[in-house]
Structure formats: structure tokens, C-alpha cells
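Okay, so here's just one chain, in C-alpha cells, the form predicted on its own.
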């Protein structure tokens, strides 16, 4: 495709502004063509500030502006309808994380863009951070051998005020989940992308521990992977200070990432080999921890601008590292599996049953609405 790509942004009250700035940071690849928001005042202000047409509906924007690319920065329950509408119009899409609320919605989005021959990409900007890329390269390159254990801690703090400030937060209808759908998608993506592992089964626990919300504010899981590796993870909005840590242990050593730094230790003898030959009661492979030094990725982009940059390359048919919709579905599938297991009890197999999860979520939404109605009747 010759010339610049005409890009439009849908949902400009929050992350959409970041998308606009990312587009403007790539003037040789993109031009900002239009914005869209269902709030008239927001649409007017942003339209005037960036001197582009503003719309209140995606349908009108697609009809009148005919953009090449649309970025969807709306709440994730609206991602599916928006992405499918764009595919039918022959428009490429970059969608904020998570790709959707349910894996069945993600399926529809992916299928729609495959049929249309358009690109569907997901915003996982952490994949473009030099240190994260280097960790991924080491693991996939067999630096620590086949993964046998992986653990993720991804905790932060959100107050009651945070949840009350925006009505859809912490609700089944507005989010389809809690911390796993809102705060943890990047962590879940790193958990799967860096390890390169495929989830087999999940045993989860979810609860509203600290906040008066419908969905989970903390979750934990035991994950079994297809290669036999064991995984654990913890996510919450109840911890202060928050912790972001990932441990990956393989047959040859281990990598640990925490708070922006990473270290690696490689055993002098692989664990399985040492285990078979060791004749010492307290014997153990020897290893020395060293800092992981980030490699230069070869391009200057690091965050949302990197997402748009690689999307643009993919659209133009050039070599890219864009994040396809199928990758976005992986972390959502894990989140859905943990939620389903946590609230219903018992182990859940992956891929998650689309029918079962759809019925579960619909039941949760109905129950929440009944509860609100009863509360209103009592207080009235």
C-alpha cells in the first residue's frame, strides 16, 4: 500500500488519546483521519483539539471517512461489534487489550478479519520493551532449557473510589470479569508469550476480597501446560505495594524478572542429567546469577507507537512483529478459564468451552441485575 495510512480512533476519553498521540508520532506512516466517541462533548473537544472530523457512531465514521485503519480504545465489551463492523468495511483494526470479554467474541473477530483479508492486531505494547524481548529470545532460544515451572505475580492496588468512579468497573456486564480482564491482561500475555507454553488445564480461585464489586479483585491459579510444566499465578487489585514478578525455571537454569530488572542463572549441568548421575546426598547443579542485558531492538519505538508501527508494516506486506488477534485470544482464554474455574469450582480444560463460558457469564449478568433490583426495592 503506497502513501500514508488513514487512521481513526474510536473511544477517546481514556486510552484513545494515547492512540492518537501514537499515530501522530508516526507521520511518515499514518495520518489522523477522524475520531469517534459516543459522548458528544468528548467527541467535540477532541475533534477540535486535533482538527479532524468527529463522529458519535462508528458506522457513520466508516461510511463518510473510509479509513484504512481503526483503533478501538472502547471498553472491551464493545470490541467485538466494532472489530466485526470494521472487517465488513474492509478496514484494518488495532484493538486495545483485552481483545474482548469472551473467547467466543475473540473467535468472531478473528474469523471476520480472515474472511475480509484485513489485519486484526492487539495492543500488547510490553512485547516491544527491549528487556521483555530479550527475555523472550533467551527462553525461546533454549537458554534455560525446556520450561518445567513458571510463576507470575501481578498485583496492584485500586480503591473503592476507583470502582465507583466509572459504573462499568467491577461488573459482569461492563467488564465480563475483574482484575483478570482489566488489570492483568499484560501479565497474562507475558506469562504465555515469554514462556512459549500452551495451556492444558486450569484450576482457579476468584473472589471479591476487599471491594464491594460483582467480579474478582483477586485471583490465583494452578496451570498445567501441554509439555507437562506446572504454572502458578496471582493477580489482584488489593495489594499495596504491588508486585510484578515472573519466574521461569527450565532444565538448564532459570530467569527471574521483577520490577524492571531481570537475571538469569544457567546450570553447569542440566538438571535432569545431574539428577540421574548425582551420588552426593546434598548435591546440586552449580549456577551463577547474572543480569540480563537488554538488546537493541533495532527500532526507536517502545509503547503504543510500536504497536502502530508494526501494524503498519504488516498492512504494507513488510516484515513485522505485530501482535495478531490469535495471540490476543490466548491470554483471554487463560483469563476466562481461571474465572470459570474459580467461580464454578473444579478444573477447566483449554480451549475453554465457548458454550459453557457464555452461559456462565450470562448467568452472572442476570444474577447481578436481580441483586440490584432487590437492593433498590429494599432501599426504596
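Numbering follows the first chain given and starts at 1. This structure is a prediction, so every number in the text was calculated from the model and none was measured.
What comes next is about the form predicted together with a small molecule, which does not appear here.
Problem - Partner-facing stretch of 187 to 195, 206 to 214, 168 to 176, 278 to 286, counted where any non-hydrogen atom is within 4.5 angstroms of the small molecule in the model of the complex - result: Only one stretch passes the 4.5 Å heavy-atom test: 168 to 176.
Handout entry: Distance check, residue 363 to the small molecule in the model of the complex, heavy atom within 4.5 Å
Key = Residue-level check for residue 363: no, no contact with the small molecule.
Problem - Exercise: residue 311 in contact with the small molecule in the model of the complex, heavy atom 4.5 Å - result: Result no; residue 311 lies far from the small molecule in the model of the complex.
Practice task
May I ask you to check whether residue 274 falls inside a 4.5 Å heavy atom distance of the small molecule in the model of the complex?
Solution key: Residue 274 lies outside the contact set for the small molecule.
Handout entry: the small molecule contact in the model of the complex: residue 14, any heavy atom under 4.5 Å
Key = Flag for residue 14 set to yes.
Exercise for the section: Only one of 135, 73, 147, 87 comes within 4.5 Å of the small molecule in the model of the complex by heavy atoms, so just point that one out. Expected result: When the small molecule is considered in the model of the complex, the option within 4.5 Å is 73.
Practice task
Heavy atom within 4.5 Å of the small molecule in the model of the complex: which of 78, 257, 301, 163 fits that? Just give me the one.
Solution key: Flagged contact: 78.
Problem - the small molecule in the model of the complex reached by all of 47, 92 and 121, non-hydrogen atom within 4.5 Å - result: Checked in the model of the complex: no contact with the small molecule for any of the three.
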